[in-house]
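We begin with a single chain expressed as structure tokens, specifically the form predicted on its own.
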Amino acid sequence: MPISNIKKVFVEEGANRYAPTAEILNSLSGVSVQNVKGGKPWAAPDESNLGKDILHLLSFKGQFLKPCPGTREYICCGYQILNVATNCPLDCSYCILQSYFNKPNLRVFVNIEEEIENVLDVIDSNPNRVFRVGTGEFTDSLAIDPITHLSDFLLPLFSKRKNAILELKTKTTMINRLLDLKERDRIIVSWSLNSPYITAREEHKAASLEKRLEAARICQSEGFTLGFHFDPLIPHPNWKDEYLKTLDLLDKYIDPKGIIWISLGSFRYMPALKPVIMKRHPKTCVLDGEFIMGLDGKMRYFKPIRIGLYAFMRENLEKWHRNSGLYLCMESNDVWQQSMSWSPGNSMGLRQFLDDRVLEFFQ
């Protein structure tokens, strides 16, 4: 993210005692800095951008390592979230973060260096368990890395642990800091992908597909393991042809043997997100489909639509490479069976499938 995009920095009470605060402020010289008290509204940011140009430095009081918020009604992969920040400078129309958090701004938790020992203790005290850990659930893993330098801190810690991997998920090309580091083992750099149509219309401020895949190609050539996530898949005019264009680009840029996994998921949202999308993105197409409330309270495409999306993507991804660790995100056993021709059966089965991929790629 260009430093020039940050217009203001909020430093919450107590954040100044952590070293990352000083380092971040030094890299943002000339940007307005305001000290604020915790628990205050801080500002009423322009609703059109949700404070995406305001960097908010604070101490996080909760647990840094938490299970991905899945639901028992659908098969979940057992992913662990390293909660280093919330919100994102990109502006995808479908983004759940628009309504998931009730606090705006790019919130960076500057006490991570102090609290990371608790995270590592959990990992180290369970040597027979595989920890698949990612930072890209509540933010883009790399979008503000040029400012926070968080990858410099995290990669050495995870690369040397034999029962964990760290996945950095992004829609950007912010890979320079990764390339300057020596660590490659047990680090996965992943890109979220969609069709050219959705990317151009709905993934505002994100890098183009070609630029994402060029960044992925560079990372692969430099020894990083790759992941890709087609989530959310969204039916739209000529969607089959459009997604085939993305698969053609994958073939052009990427060696499939270096991909640890590819996930598929369809657009789903809590009902509260719909009015936010309609207000902030009135020209969007993501709400045009046929939805029904799922067992988890989220609006989902009708089951036959989801099955059609997944089956099409599976068939064509398997034509490209038959062993890419393909899996579904938050789907039922019968959807797995009908679209993938197999099922892990339950969340433990999917977790084992992905853990086995980790063991296969990282000995």
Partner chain sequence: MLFPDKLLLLAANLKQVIVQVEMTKVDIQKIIELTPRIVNIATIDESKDPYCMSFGFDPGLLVQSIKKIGLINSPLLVEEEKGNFTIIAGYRRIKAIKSLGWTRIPCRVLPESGISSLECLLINLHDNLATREFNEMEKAMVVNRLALHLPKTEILKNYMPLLNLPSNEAALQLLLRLENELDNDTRHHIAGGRITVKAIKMLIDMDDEDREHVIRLIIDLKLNTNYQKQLIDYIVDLSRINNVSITELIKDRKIEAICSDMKMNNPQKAGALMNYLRGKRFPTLIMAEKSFEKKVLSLGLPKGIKITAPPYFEAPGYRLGITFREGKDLKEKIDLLSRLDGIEDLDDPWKKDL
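What you are looking at is a predicted structure, and each value in this text was computed from that prediction instead of being measured. Residue numbers count along the first chain shown, from 1.
Another form exists, predicted in complex with its partner chain; not displayed. Remarks below refer to it.
The single contact residue among K274, K252, R129, R72, judged by any heavy atom lying within 4.5 Å of its partner chain in the predicted bound form, is K274. Contact with its partner chain in the predicted bound form, defined as a heavy atom within 4.5 Å, holds for exactly one of L287, I116, L97, I123, namely L287. Of the candidate stretches 24-32, 299-307, 319-327, 55-63, only 299-307 has residues with heavy atoms within 4.5 Å of its partner chain in the predicted bound form. At the 4.5 Å threshold, heavy atoms of L244 stay clear of its partner chain in the predicted bound form, well away from it. At a distance threshold of 4.5 angstroms between non-hydrogen atoms, A200 is out of contact with its partner chain in the predicted bound form. Heavy atoms of I292 reach within 4.5 Å of its partner chain in the predicted bound form, making it an interface residue.
For the chain shown alone, M278 is a contact residue for its partner chain in the predicted bound form, at least one non-hydrogen atom being within 4.5 angstroms.
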